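Have a look below at one chain only, the form predicted alone, in structure tokens format.
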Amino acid sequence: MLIQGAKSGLLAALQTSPGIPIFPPRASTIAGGVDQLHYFLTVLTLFFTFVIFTIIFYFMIRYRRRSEDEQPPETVTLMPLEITWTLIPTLICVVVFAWSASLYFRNANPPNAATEIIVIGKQWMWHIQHQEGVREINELHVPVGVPIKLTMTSQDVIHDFFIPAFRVKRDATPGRYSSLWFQATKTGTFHFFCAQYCGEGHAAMIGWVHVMTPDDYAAWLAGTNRGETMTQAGERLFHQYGCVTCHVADGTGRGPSLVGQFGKPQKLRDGQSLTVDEAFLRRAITQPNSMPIPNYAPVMPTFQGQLNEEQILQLIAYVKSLGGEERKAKGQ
């Protein structure tokens, strides 16, 4: 109740006041919530700064020592006052925490129907690949009104993908996957940057997000030179590197079947259970002996250094496509 009241009051004040030019325009569903919290914290900080310094200056004048013989009166503790100035900051902290946490969890969980796009940071460029096979360098085309999930990693050092107009940013870390999502609310072209210093070419590691209407986006996809889709490239690599000889669909190979396994728990030999997600599959490809599976000998070789980050993500896209019913329909 308190959080909703604070949001409503702040939003009404912002809507009746002129725009603040120091911020880029809001262009995503997330941006409004981020701005409201930012403005609330700014107003809160300025208010208490004013109150505290006003009291300090008042006390400096009111209770200054007027003579050498002056003795201050005995200090009296007022319990109601102590409780009041303890409860008020506590309540404010609870409101800020609850508001921030709700916004964080909302922004951290993309919708199930979000369109996934791969982003790989390199010194000093952004390599972007759509599931349909379209590749872009330092540019990202997306349709307006559609949730977009960016799965990100880095090929060398830590980078950070930041779209100011969408109010989203997240580190792209070597050897790990991170993600962020957004849903653009207006068409146009918006800057994105690397927000983590990554070397001498850091300042040039920038690009543009092109938000298009669904029809224009479909026309752009149709008119773009496409290579293999992520799934097709992953299937080719799956056969090229001999994965198919061990990971047989019917489970008769030297390794476990991968059909329908993505998103399910997998028990390891040491008893722990891990979810088969992107991070699990990457580790299985690059460090297979670190996660032995019961009833299977640790014979899988490591592909660390043989596959780049893009190829690993293509293999993962193929494994994700191996739905049980789909493969049965194909007779595999």
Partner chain sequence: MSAALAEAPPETRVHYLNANYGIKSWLLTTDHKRIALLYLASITLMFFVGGAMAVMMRIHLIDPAGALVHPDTYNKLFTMHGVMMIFFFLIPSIPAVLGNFLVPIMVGAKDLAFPRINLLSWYIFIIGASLTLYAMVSGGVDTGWTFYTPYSTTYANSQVMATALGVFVSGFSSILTGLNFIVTIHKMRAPGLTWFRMPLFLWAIYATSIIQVLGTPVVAIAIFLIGLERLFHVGIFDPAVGGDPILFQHLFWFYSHPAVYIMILPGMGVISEIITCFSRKKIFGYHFVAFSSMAIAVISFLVWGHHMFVTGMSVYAALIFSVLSFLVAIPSAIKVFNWTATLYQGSISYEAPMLYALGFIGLFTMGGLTGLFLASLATDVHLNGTYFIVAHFHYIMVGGAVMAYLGGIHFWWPKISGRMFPDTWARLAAAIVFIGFNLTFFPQFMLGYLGMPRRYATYPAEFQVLNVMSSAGASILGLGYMIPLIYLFWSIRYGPVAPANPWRAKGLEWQTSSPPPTQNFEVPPVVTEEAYAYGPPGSGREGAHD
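Please read all numbers here as calculations on a predicted model, not as lab measurements. Numbering follows the first chain given and starts at 1. Just so we're on the same page, rigid core means the largest C-alpha set that superposes within 1.5 Å between forms.
Another form exists, predicted in complex with its partner chain; not displayed. Remarks below refer to it.
*Asks:* For the spot marked by 158, 171 and 199, is every residue within 4.5 Å of its partner chain in the model of the complex through some heavy atom?
*Replies:* The answer is yes: all three residues contact the partner (heavy atom, 4.5 Å cut-off).
*Asks:* Of the residues 230, 211, 194, 150, which one places a heavy atom within 4.5 Å of its partner chain in the model of the complex?
*Replies:* Only one listed residue qualifies here, and that residue is 194.
*Asks:* Taking its partner chain in the model of the complex as the reference, which of 78, 113, 137, 222 has a non-hydrogen atom within 4.5 Å?
*Replies:* None of the others qualify; the residue that does is 78.
*Asks:* Residue 296 near its partner chain in the model of the complex, any heavy atom under 4.5 Å?
*Replies:* No, residue 296 stays farther than 4.5 Å from its partner chain in the model of the complex.
*Asks:* Is residue 323 close to its partner chain in the model of the complex, meaning a heavy atom pair under 4.5 Å apart or at it?
*Replies:* Result no; residue 323 lies far from its partner chain in the model of the complex.
*Asks:* Taking heavy atoms only, is residue 252 within 4.5 angstroms of its partner chain in the model of the complex?
*Replies:* No, no contact at 4.5 Å.
*Asks:* Would residue 306 sit within 4.5 Å of its partner chain in the model of the complex, counting heavy atoms only?
*Replies:* Judged by the heavy-atom cut-off of 4.5 Å, residue 306 is well away from its partner chain in the model of the complex.
*Asks:* Would you point out which of 159-167, 129-137, 114-122, 244-252 contains residues with a non-hydrogen atom within 4.5 Å of its partner chain in the model of the complex?
*Replies:* This holds for exactly one stretch, 159-167.
*Asks:* For the stretch 43-69, which residues lie within 4.5 Å of its partner chain in the model of the complex by non-hydrogen atom distance?
*Replies:* In sequence order, 44, 45, 48, 49, 52, 53, 55, 56, 59, 60, 61, 63, 64, 65, 68, 69 come within 4.5 Å of the partner.
*Asks:* How about residue 65 - superposed on the rigid core, does its CA move between this form and the one not shown by 2 Å or more?
*Replies:* After core superposition, the displacement of the residue 65 C-alpha between this form and the one not shown reaches the 2 Å mark, so yes.
*Asks:* Checking residue 99 here: with the core superposed, does its CA move 2 Å or more between this form and the one not shown?
*Replies:* Yes, the C-alpha position differs by at least 2 Å between this form and the one not shown.
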